[in-house]
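Below, in structure tokens: the form predicted on its own, a single chain.
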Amino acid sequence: MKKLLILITLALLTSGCMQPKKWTLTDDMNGVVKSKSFQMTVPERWVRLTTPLTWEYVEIDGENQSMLLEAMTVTRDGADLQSINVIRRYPDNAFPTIKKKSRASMLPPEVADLYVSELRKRSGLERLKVLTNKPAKVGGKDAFRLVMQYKNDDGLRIRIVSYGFVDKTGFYTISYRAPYLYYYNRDYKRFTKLVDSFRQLKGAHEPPPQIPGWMKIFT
């Protein structure tokens, strides 16, 4: 059970990222969280990463590759149990394990299909089922809303809701993952409020940073 929960967390967040993680408790003074390219309002008394993750290691064809991204995790009870993950991937590595790029002209259903394929391959979740795939809006952008579910080895149902959209700056996802029993329904409304608060920032249109040279030692 623990192994599979870790796999899905990595799939939605960093896929083996080795950056140290520090957490900040959210209160009424620091509820609005900003990254370079996006901002959102985090539920009060939840914890979040103090600073966004900015790179990851992705295994492609048996080899680790260093890739840039922006990722923020929010949780109330621990990321291995329940979490909200907000991620921006750059166009060239939007779907790295299936070797697909994102294009601003992509329609939400096409993006959703690629996202599910990427999620299944990266996490090894062949049993992941798509329950619904509907159009949505995120920060004024045309988006998809996916509801997915799988059972872990102990038979516990894990439900995932993901919103996503693409534009010329990359592929953005906002995902909520929790056991369907108790946790999912308890915190779902807080997740939807976070989605409603999501805004893209001007920094999204700036050139991507360079991958630090020392990262390549591990790839």
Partner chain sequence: MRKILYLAMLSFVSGCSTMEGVTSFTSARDTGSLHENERRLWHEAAEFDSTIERSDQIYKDSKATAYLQKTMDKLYPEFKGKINVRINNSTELNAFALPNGSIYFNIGLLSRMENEAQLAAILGHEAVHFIEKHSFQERVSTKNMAAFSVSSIPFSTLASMSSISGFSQELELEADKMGYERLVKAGYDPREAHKIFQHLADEVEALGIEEPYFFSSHPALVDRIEEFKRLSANYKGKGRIGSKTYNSLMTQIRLDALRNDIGRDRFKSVILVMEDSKKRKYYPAAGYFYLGEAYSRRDENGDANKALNAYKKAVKKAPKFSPTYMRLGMQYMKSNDKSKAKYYFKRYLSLAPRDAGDRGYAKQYLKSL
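Positions refer to the first chain, counted from 1. Model, not experiment: these values are computed from the prediction.
If you look for the form predicted in complex with the partner chain, you will not find it shown, but the lines that follow are about it.
#### Entry: Distance check, residue 81 to the partner chain in the model of the complex, heavy atom within 4.5 Å
No, residue 81 stays farther than 4.5 Å from the partner chain in the model of the complex.
### Query
Is residue 108 one of the residues lying within 4.5 Å of the partner chain in the model of the complex, judged by heavy atom distances?
Taking the distances in the model of the complex, the answer for residue 108 is yes, it comes within 4.5 Å of the partner chain.
### Message
Residue-level question: is residue 147 within 4.5 Å of the partner chain in the model of the complex, judged on heavy atoms?
### Response
Looking in the model of the complex, residue contacts with the partner chain do not include residue 147, since no heavy atom lies within 4.5 Å.
### Query
Would residue 88 count as touching the partner chain in the model of the complex under a 4.5 Å heavy atom rule?
Flag for residue 88 set to no.
### Task
Mind telling me which stretch in 63-71, 152-160, 48-56, 189-197 gets its heavy atoms within 4.5 Å of the partner chain in the model of the complex?
Contact criterion met by 152-160 only.
### Task
Let me know which residues along 118-142 have a heavy atom within 4.5 Å of the partner chain in the model of the complex, or say none if there are none.
120, 121, 126, 127, 129, 133, 134, 135, 142 sit within 4.5 Å of the partner.
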